[in-house]
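Following this are structure 1 and structure 2, which are two forms of one protein chain, each written alone as structure tokens.
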Structure 1
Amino acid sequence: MCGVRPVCVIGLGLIGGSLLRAASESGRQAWGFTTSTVDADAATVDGFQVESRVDGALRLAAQRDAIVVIAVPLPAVDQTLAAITAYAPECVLTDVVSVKGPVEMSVRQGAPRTRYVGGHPMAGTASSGWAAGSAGLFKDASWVLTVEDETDLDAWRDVARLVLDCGAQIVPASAAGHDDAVARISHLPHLLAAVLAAVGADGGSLSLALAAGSYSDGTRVAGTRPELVRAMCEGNRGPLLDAVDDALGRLGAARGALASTGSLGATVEAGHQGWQALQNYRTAERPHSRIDLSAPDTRETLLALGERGGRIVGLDGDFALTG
């Protein structure tokens, strides 16, 4: 089936709840399920369709050929996949979990007949739960959709349309490429913030009295709920270890240079160049082009787009529009 599929969202926290709202607002038929009675009641009061049982939600998905979205924390994914295999075993499936390799592996083992496309919206707030969500959460955000050898490209296009309907832009990546990237730009920042906050606090009240912008900014995400940081970072162990080793190597080299020559030139210059690279990326013009989603080399074309930081901003029949 082509066209606009209904959406069944399992898990109605910040991300799942925002997705249910955004999909509904775009005109799709959408419903959800959550094990949290607080979130279920709040979503119902807000006028959304919330099924009381997961089997009911998934049976409906099978009947209506809906996209099923897994929006539960990583430790609850396997249980959700078991229910999907029982009640909607061949559905188009995506997820919004912050790590992609482990979910990909769980799907292959636990729900092998689904047409799965891994997803990760790069959006969030410090708060959680249905009440913290909004239909606009994904506006202009990057949203990774995975491309693997096994990916069904019709399903990929269906999920891509949902992501665009939510207001986000699609960054295609392999599961491994995604996990390496988020280790560097999300999980390592959380670890360094934790380390900095601990070293600063070890300096006592005098240190805290003198803390200004560099310290506040550098420690801000240490205010995130510890269980969320742990779930995110521990779930991406291999790639995060690589990123931590890079950081340890660079910090150790800075230490050695400061102790021996007194110079931090190499460290500070490399950091400034890295900062400049982000500014350049963010201000660069992105070329508009069209990717034929029915061409034989579509997977390679999509992955190459993501590798060079490109995004898909629209769909036109069989074509993805970049920009």
Structure 2
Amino acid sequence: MCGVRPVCVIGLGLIGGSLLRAASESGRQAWGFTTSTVDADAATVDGFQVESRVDGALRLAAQRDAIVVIAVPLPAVDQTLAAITAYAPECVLTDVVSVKGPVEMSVRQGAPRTRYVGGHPMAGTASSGWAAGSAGLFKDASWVLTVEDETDLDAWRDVARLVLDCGAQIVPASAAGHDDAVARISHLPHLLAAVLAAVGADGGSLSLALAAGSYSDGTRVAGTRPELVRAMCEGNRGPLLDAVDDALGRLGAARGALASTGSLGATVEAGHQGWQALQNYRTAERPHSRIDLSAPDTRETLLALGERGGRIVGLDGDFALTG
């Protein structure tokens, strides 16, 4: 593919490994590095280029002017940025970490010469590691790309093209807006799933014998490795506290109503309306439009698109195609 950047993926777990596969399948030059010998060996056996040292992977990225993708858990980001600063300090840089504010801050402090565009694909499973990934993981998934005052729009376009090549659709957002949203639709569900799983298990063998679809569906993400859940939830502490307060307020109201009147009508109805809002969003027809990525107000236009739930589904020269 002429005119597109190669891709260097640091971290080859579920998301990083799927990204390496998808980028390669799209025709891009792509290689990776991981500290996991299990994932490295598996990726190599599957025919992918895996460098034995992070400096080797990043030197290659600098030589080929590649997009460097950070695909490690939040606690490992600073160490990864130190290596990037040493060996590929001016590359286009993105990430797939599930919180954006802390990564934005770390990049500004630790790798200020990179052209950074924050990213987060809203895709995954409760499984982890190279073996859990696939090239099709991102098909039609929402993939947040951050837009800030400091964002280099040429770099943003390069990363956007990579995201679209992986089969995803782009939702522009600020780092703060992203973190507030995922606290409610990702991090709080992980926390509630953990609580629900523990409450059910506390009921003993009879409860577990009777556990069916509602319990299995509600606890699915509790099967995620605990250290990964802690990293993303604790890394988004402020917004998650707000979401937990909202949930506790609603649970408190439900308990009060159940104790006093025996009715859970308001709680159940509000929940059903929330579920219906999601279905309506997913089935709604959205107008197609074109955003001029060279216009002076491009940042504001992109953020407004994301705020109203719009997505970018293609690129055509200087224009982003929405739908």
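Residue numbering: structure 1 sequence, from 1. Predicted model only: the values in this text are computed from it and were never measured. Superpose the two forms; the largest set of C-alphas matching within 1.5 Å is the rigid core.
- Between the two chain copies, the one drawn from the form predicted alone is structure 2.
- Taking 2 Å as the criterion, L210 counts as shifted between structure 1 and structure 2: its C-alpha moves by at least this amount when the rigid core is aligned.
- R64: CA moves less than 2 Å between structure 1 and structure 2 after rigid-core fitting.
- Rigid-body rotation of the smaller part against the larger part between structure 1 and structure 2 amounts to 9 degrees, from C-alpha fits.
- For G262, the Cα shift between structure 1 and structure 2 is 5.3 Å when the rigid core is held fixed in the overlay.
- Fit the two forms on the rigid core and the C-alpha of R250 turns out 2.6 Å off between structure 1 and structure 2.
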